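In the block that follows, a single chain appears as structure tokens, in the form predicted on its own.
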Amino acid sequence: MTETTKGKAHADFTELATFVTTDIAGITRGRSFAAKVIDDYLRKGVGWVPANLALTPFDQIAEANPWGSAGDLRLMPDPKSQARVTCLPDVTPLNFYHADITDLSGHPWDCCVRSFLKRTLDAFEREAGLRVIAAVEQEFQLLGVGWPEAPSFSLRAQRRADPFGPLLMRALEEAGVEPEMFLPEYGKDQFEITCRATDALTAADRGATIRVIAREVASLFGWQASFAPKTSANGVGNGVHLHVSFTDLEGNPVTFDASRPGRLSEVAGSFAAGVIRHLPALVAFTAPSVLSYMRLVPHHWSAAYTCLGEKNREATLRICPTLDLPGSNPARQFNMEYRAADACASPHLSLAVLLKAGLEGIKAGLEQPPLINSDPSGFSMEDQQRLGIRRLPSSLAGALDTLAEDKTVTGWFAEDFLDCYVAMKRKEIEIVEGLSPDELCARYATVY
């Protein structure tokens, strides 16, 4: 922004509103218009194109997508999902709505991931009598900062970024995200944002909103907020942690049972079993980039095996601790954390496939998996087999092959969606083929 336009933005410019979708590449895209005519657009939405779903992270369309140049769709906004931020200095308000993709008659498009999540939540209520409570935690790094080194987790690491943290928290509060914590993390110039648990659809919307706003705030300082799974080959990874718990239809918590292993209720144990059973296929959606598999390796507190653990950060599905102070209610706090996800994925799709897998376990009445409370790579091959511990795919190509073999998971999706998803991911693999690890990190860091 030039000196002549600074300070005039709010008074003299037309505020824009944008309807957005966070697509299968994990990128938030949309169309904007004058906010003063929002009522008209809330009714009719804005135009969209089927082949947009085939866009790779690097803005090349997979040629083998099912639609080519044909077809028209609409982005139909959810009025409750609005995020509007006016507190950022010297820029116009940031104003956007999360939208469902529909056909021209307003019916949900069968390749819309937000609609897929909504259908999954409806199935939880209808088939299991449960509602899902969720939260999305996200790690990111600030690039281009040029400040002195500071110890991990330290107050100095937080304060050297000032006033980035307070401004980010204020913007997230204004957007209705309900942020809880902004904290310096273990990695170089790495931070984490957590927010309050809420219904699962809102939680997924918040996951996308946090990424948009964090990047917006960082840009005001001349920095880049990167949520890429890795920004350097030898660096610490950036993960997305999906927290889930359940209530009955009256709002009573049903995830906790102090008498059972790990304090998981019977229904929560069955949910965990469904997730563990389908985990090798799920990562094709929750860790969906070539770079994702540089993060999902043993001994990195991320996730590399199919296991359920209690307070174990090497477990892909972790039972989180509860506060046991007087007056605390563990049943209200109790939740599980899915750790094999990153920000190259749509939060709506990641949460949906996690829940679909768990619902399969509930419907089948699967027994809770054994608790693995140490690094699963330390078990012998015989013990791994006995305990149901399997190594997750070690590459995106491997994950796509594993997905194709899991007919339960592929059966959740429309044929066009699966064809597009696999074609787009194969194109992504082709684009970055031959890059060194550091080149790969740099390529993704600029996008995410």
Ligand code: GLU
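Heads up: residue numbers just count along the shown sequence, starting at 1. The structure presented is a predicted model; accordingly, all values stated were derived computationally and were not measured.
The next section is about a form of this same protein that is not shown, the form predicted together with the named molecule.
Undergrad: Can you pick the stretch from 184-192, 249-257, 84-92, 371-379 whose heavy atoms fall within 4.5 Å of the named molecule in the predicted bound form?
TA: Every other range fails; the passing one is 184-192.
Undergrad: Please determine whether His300 contacts the named molecule in the predicted bound form, using a 4.5 Å cut-off between heavy atoms.
TA: Although the named molecule is absent here, His300 would touch it in the predicted bound form, with heavy atoms inside 4.5 Å.
Undergrad: Does Arg313 reach the named molecule in the predicted bound form, with heavy atoms at most 4.5 Å apart?
TA: Yes.
Undergrad: In the predicted bound form, is there a heavy atom of the named molecule that lies within 4.5 Å of any heavy atom of Gly309, even though the partner is absent here?
TA: No, Gly309 is distant from the partner.
Undergrad: Gly237: heavy atom within 4.5 Å of the named molecule in the predicted bound form?
TA: Within the cut-off, so yes.
Undergrad: Within 4.5 Å of the named molecule in the predicted bound form: all of Glu139, His241 and Arg295, by heavy atom?
TA: Judged in the predicted bound form, Glu139, His241 and Arg295 all sit within 4.5 Å of the named molecule.
Undergrad: Can you pick the one in His98, His278, Arg339, Arg211 that has a heavy atom within 4.5 Å of the named molecule in the predicted bound form?
TA: For this set of options, the contacting one is Arg339.
Undergrad: If you apply a 4.5 angstroms heavy atom cut-off, which residues in 269-287 are near the named molecule in the predicted bound form?
TA: Residues within 4.5 Å: none in this stretch.
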